[in-house]
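There is one chain below, alone, in structure tokens, taken in the form predicted alone.
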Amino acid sequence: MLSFTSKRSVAIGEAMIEMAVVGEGTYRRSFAGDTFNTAWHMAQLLGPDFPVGFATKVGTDTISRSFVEELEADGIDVTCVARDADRTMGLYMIELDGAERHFHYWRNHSAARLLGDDAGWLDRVVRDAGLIHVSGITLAILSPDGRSRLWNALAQARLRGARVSFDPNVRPRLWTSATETRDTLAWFFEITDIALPSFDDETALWGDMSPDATLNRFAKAGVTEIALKNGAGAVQARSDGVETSVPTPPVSDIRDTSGAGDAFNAGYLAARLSGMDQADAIACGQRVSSRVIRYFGARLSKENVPKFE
């Protein structure tokens, strides 16, 4: 049975300046990023009894300061945020084709690319965490040495009792090759307790022909808990060898699918951290995800975050 040594969780990764469509030719500036989206929604769902931190690097410019101030106002632990005076935050713009989205990125000078450079800092941000969440995007933006330092920090945290959650979240343009992607992800599967993949990503990268093939591959890698997202299809899951399938309720009035998987991760992890079983955690993830896609942008406003039950 899944248990946690601490109520504290921390997500590690990059937050970017988001320019999201809110009308014809009109954009709204916000902040987003896969692990950040997950951490932010978790903090809104769980409240102060379950502290949530976001570990990243940003600049010292006014936008970076605004980001940190917003994090703190939204109840996220900002002691995990490091600063780099020579860099700033990356930026991306969402282009919508109906409700489907396409992204344009400007992130080469992002401070978060250096978050794996300080082994001591990595050890500090994960220390005392019961749950640590990372993603394939986190790994993709780091140098090979940075990935090694992150792997070591996570491995040591697991020895202290932490659980590691990993969403492969494959973005081919961030990697040099499919071989590098597969090798790096497989390496991090070795220290993963909870895997939160998406079936379309797994099919494209690994050639999985069915959700069962994906579940079996993760189980063979030693991952004991998997929840496989599959768009509008059922979430197929496995925990300690027990399989669960939860149909995804239909959603109307879809405006923007940005951040849907990150929102699912937030609901699922918040539920597991607070003691719910896997089926209920999946349902919680589906509720948060279905709410996000009814609005523009990758994060909900606070008043639109569904009640955590």
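Keep in mind the model is a prediction, meaning the values are calculated, not measured. Throughout, we count residues from 1 along the sequence that is shown.
One more form of this protein should be noted, the form predicted in complex with a small molecule, which is absent from this view; the next part is about it.
Contact check for Arg124, Gln156 and Gly222: none of the three has a heavy atom within 4.5 Å of the small molecule in the model of the complex. The stretch among 60-68, 46-54, 258-266, 273-281 whose residues place heavy atoms within 4.5 Å of the small molecule in the model of the complex is 258-266. Checking Thr181, Thr214, Ser239, Ser198 against the small molecule in the model of the complex, a heavy atom within 4.5 Å turns up for just one residue: Ser198. Interface residue among Arg171, Arg83, His109, Arg147 relative to the small molecule in the model of the complex, by the heavy atom within 4.5 Å criterion: Arg171. Residue contact with the small molecule in the model of the complex: Gly231 places a heavy atom within 4.5 Å of it. By the criterion of a heavy atom within 4.5 Å, Ile132 is excluded from the residues contacting the small molecule in the model of the complex. The small molecule in the model of the complex comes within 4.5 Å of no heavy atom belonging to Leu115. Among heavy atoms of Ser9, none comes within 4.5 Å of the small molecule in the model of the complex.
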